[in-house]
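Just one chain follows, in the form predicted on its own, and it is written as structure tokens.
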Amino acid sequence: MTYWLLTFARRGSASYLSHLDTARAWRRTFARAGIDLVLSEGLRPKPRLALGLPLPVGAAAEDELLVAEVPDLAPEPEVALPTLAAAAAPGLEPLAVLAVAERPRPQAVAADYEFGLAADEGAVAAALQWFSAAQSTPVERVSPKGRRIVDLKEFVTDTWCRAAQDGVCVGFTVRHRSTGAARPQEFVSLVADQAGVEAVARHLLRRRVVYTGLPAGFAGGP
């Protein structure tokens, strides 16, 4: 068997698919393309296909990762790529396929995001300056498991902003650590609150994810 590392973009209606729905969409894409996936063992075998770092629902992405296990008789990646592109659902765009012999174990370590905000550039720049100077920026995270305080300073770096046609474009990097990671909307809300505007991220985009556990030189590797 062979492992495929497939990178893809996700735009338009595909941005509103959940993580599980995206995996299902790709399994159907492989089926429509006539490319078999190796099945898991057990009473309910499932195709061996896994996505990388989950993407927030509603966000677009330029550099997503999929790991698929295919039989040795699968077509060559350069042949499979246009076939998968023709079979993919609207908004899912395969970019490249790399075949490797050993099972990849990708672990996200950083992700670059940007979003639009209906705000004054000066106000946003001041908010980012405040964030950079702050010793800590705790936010409360509420889940079914209870309440937790997360310090965004531990996870968010490389912030920037620039004027855009409909407001301000803001960029930042989320570092994924053993202690967890920040959620993009948490940083959006923090910046918007400091800038005095509504916390609505326009056109949230994930430009890149950096992983460990991938072959050296692979796009998305460190």
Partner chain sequence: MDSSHEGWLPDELGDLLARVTRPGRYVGGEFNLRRKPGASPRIVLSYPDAYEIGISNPGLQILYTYLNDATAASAERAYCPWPDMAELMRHHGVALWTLESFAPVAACDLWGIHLPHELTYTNVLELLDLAGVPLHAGERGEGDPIVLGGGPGSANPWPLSPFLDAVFVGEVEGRLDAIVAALGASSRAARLQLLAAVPGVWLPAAPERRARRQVFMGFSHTMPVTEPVVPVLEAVHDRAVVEVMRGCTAGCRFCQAGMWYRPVRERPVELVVEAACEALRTTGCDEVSLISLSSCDYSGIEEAVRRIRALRPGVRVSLPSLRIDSAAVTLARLGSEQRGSVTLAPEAGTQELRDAINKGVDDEQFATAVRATFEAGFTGLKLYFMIGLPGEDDAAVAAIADMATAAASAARAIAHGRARVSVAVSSYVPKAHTPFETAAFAGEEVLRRRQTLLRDLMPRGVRISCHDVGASVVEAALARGGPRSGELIEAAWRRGARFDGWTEWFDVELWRAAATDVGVELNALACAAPSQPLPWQSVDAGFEEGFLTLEAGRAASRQRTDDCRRGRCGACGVCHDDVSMDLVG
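Residue numbers count along the first chain shown, from 1. Computed from a predicted model, the values in this text were never measured in an experiment.
Missing here is the form predicted in complex with its partner chain; even so, the following discussion is about that form.
Although the partner is absent from this view, Gly213 stays clear of its partner chain in the predicted bound form, with no non-hydrogen atom inside 4.5 angstroms. For the chain shown alone, Gly122 is not a contact residue for its partner chain in the predicted bound form, no non-hydrogen atom being within 4.5 angstroms. At a distance threshold of 4.5 angstroms between non-hydrogen atoms, Pro90 is in contact with its partner chain in the predicted bound form.
In the predicted bound form, none of the heavy atoms of Asp151 sits within 4.5 Å of a heavy atom of its partner chain. Taking the partner from elsewhere, every residue among Arg11, Thr29 and Arg207 has a non-hydrogen atom within 4.5 angstroms of its partner chain in the predicted bound form. The listed set Leu51, Leu37, Ala60, Ala181 contains one residue whose heavy atoms approach its partner chain in the predicted bound form to within 4.5 Å, identified as Ala60.
Residues of just one listed stretch (39 to 47, 65 to 73, 187 to 195, 151 to 159) have heavy atoms within 4.5 Å of its partner chain in the predicted bound form: 39 to 47.
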